[in-house]
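To begin, one chain is listed below as structure tokens, in the form predicted on its own.
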């Protein structure tokens, strides 16, 4: 871990950090390589961050590995990503287990486009690491925030139709308990690499009051030092949750 970590307030380490790992394709293109080379180079960056999260005492780390929109990419790239995920899960599962990392997958996993081999490896990884407590590592795979909320709404509608849920009792907690991983706390910090400044349909419900840090670093170049820099920026902010300060509302549109 970088010496920069010593500059952090150990009492204000974010409990949950979520990352949009962006820039793999641009990293590869800048080097005259195929886009898939960028995805492959992103793997060591990811596991470097896993070690950083463990060192810092972060409890939850969620990474955007494949979105519902990614199916629209070049078919060869999609096929590579599916095969790459199978290979990655096989190669890294035992390492994560030894580190005490619990692996969780969220997303639409009933999609028939997902190869059975990927689903099988996901299930095995979750089962093998279920008892681990050092870090909860959530892979958002075939994930979309709108799809997640729609699925929760569908469950609520089904329960209301069957008479097991009174529509008058539906509130924010009702929805939250029907998201992909109800036990997952809302992210304190969302990091997006590559300089893009969009939410990209990521954790739309959960990140309502998260702090966002956008870094120009492309994902394959993201490392523990940059993670510390992002957390330092997070710690330099005053999280207000749309509330009042000294009796005066801030400019949060939620209060307008």
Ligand code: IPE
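Numbering follows the first chain given and starts at 1. Treat the numbers as computed from the prediction; the structure is a model and nothing was measured.
Below: the form predicted together with the ligand, not depicted.
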(Q) Within 4.5 Å, heavy atoms only, which of 210, 224, 215, 67 is in contact with the ligand in the model of the complex? (A) 67
Q.
I'd like to check something about residue 14: if you look in the model of the complex, is any of its heavy atoms closer than or equal to 4.5 Å to a heavy atom of the ligand?
A. no
Q: Determine whether any heavy atom of residue 31 comes within 4.5 Å of a heavy atom of the ligand in the model of the complex, and answer yes or no.
A: no
Q.
Within 4.5 Å, heavy atoms only: does residue 106 come near the ligand in the model of the complex?
A. no
Q.
in the model of the complex, is there a heavy atom of the ligand that lies within 4.5 Å of any heavy atom of residue 81, even though the partner is absent here?
A. yes
Q: Tell me, please, which stretch of 148-156, 107-115, 176-184, 69-77 lies within 4.5 angstroms of the ligand in the model of the complex when heavy atoms are compared?
A: 69-77
Q) If we check the ligand in the model of the complex, which of the residues in 16-37 reach within 4.5 angstroms of it by a non-hydrogen atom? A) 20, 21, 22, 23, 24, 25, 26, 35
